[in-house]
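Here you get one chain, nothing else, as structure tokens; it is the form predicted alone.
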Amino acid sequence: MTSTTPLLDIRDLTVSFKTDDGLVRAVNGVDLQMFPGETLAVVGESGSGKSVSAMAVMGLLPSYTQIEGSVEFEGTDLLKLSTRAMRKLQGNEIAMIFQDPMTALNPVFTVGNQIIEGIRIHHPQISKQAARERTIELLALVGIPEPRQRVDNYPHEFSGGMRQRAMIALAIANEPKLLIADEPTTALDVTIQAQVLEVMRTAQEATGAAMMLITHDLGLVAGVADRVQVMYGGRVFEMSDTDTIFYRSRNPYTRGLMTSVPTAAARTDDRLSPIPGAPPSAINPPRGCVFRPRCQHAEDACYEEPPLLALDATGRHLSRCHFAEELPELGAQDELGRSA
């Protein structure tokens, strides 16, 4: 990181939805900072609030959503912007790679036309021919073969991996300062996942953008992220640099995520250690610590008071656990943090 001033500064973000069953609090008091050029991984199970937080940043939540807190981008609170002002930022200063490119891309327009439109909306002074040449360059950058011919293909003519590459090209077309990737490798096989992540790194280097990588898979971010933020039940549960999260985690939930994922280093007779139970209800969360019903370290205090997100002695490692400093040290670790 070359700057101490945050590019994105989220403070006490709360996102709620009214339903017939009650108020769903999908995000509950989240703080997050991102700096120019860095890669932050936001990790957690489905329902942890990862994608909803990103949608709040992008201004893509429905109008009936109740949003509190602040989301400052380069000092401007995005939650206070008008729809017109927000549209000037979407796809230009802040861009998103969506989870499913087949539904994110319009099936009745060619891939090239969709990228050209994205360029010319924000830069109307650019001619259609110049935008087309820029689009061909972008498709080549993300590894689309024969981009001059492929630019006129429709999304259904691309494979899953190629559609995801096209989504990356669309996202970086205007060289955004912040790139949000929401589960960008979902439903792709391991080989294609690695290729897509490499394309994202290349795109990030080409644009100098900061990148928020949203995923449920801690193993995916091991060699990609500078920092990792772990979310559970709409709250931040742990935050630090990647090495600290993987090798010196001080949170039972983070450790549970790591030990529940198979690794190439595991022996054939090794058994996975899944986290028992299910994520908490966003309408009626459990009393005390929301992870308490699934935590093997839970004690009386965990039933009474929700733990605070507290810094350790280094001042760089945040963990939400009453007994963060008392958890046993991690043993020798493989690449996903499981004891070898």
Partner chain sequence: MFAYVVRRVLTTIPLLLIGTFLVFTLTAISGDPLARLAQLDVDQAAYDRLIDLYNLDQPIPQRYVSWLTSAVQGDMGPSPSQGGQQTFDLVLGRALNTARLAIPAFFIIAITAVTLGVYSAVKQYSKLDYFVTGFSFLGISLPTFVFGLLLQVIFGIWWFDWFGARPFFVQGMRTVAQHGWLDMVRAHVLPIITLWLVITASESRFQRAAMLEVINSDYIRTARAKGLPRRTVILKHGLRNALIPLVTIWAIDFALLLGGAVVTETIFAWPGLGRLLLAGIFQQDLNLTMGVVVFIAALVVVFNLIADLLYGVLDPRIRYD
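All values reported here derive from a predicted model rather than from experimental measurement. Residue numbers count along the first chain shown, from 1.
Although not depicted, the form predicted in complex with the partner chain is the subject of the following passage.
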With a 4.5 Å heavy atom cut-off, would you call P124 a contact of the partner chain in the predicted bound form?
no
V190: heavy atom within 4.5 Å of the partner chain in the predicted bound form?
no
Verify the contact flag for Q90: yes if a non-hydrogen atom of it lies within 4.5 Å of a non-hydrogen atom of the partner chain in the predicted bound form, no if not.
yes
Give a yes/no on whether P107 approaches the partner chain to within 4.5 Å in the predicted bound form, heavy atoms considered.
yes
Of 247 to 255, 71 to 79, 134 to 142, 111 to 119, which is the one stretch near the partner chain in the predicted bound form, taking non-hydrogen atoms within 4.5 angstroms as near?
111 to 119
Could you spot which one of C302, C295, A282, M55 gets a heavy atom to within 4.5 Å of the partner chain in the predicted bound form?
M55
Which residue, M167, A210, M231, A181, is the contact with the partner chain in the predicted bound form, using a 4.5 Å heavy atom cutoff?
M167
Neighbours of the partner chain in the predicted bound form among 52 to 78 [non-hydrogen atom within 4.5 angstroms]:
M55, M58, G59, L60, L61
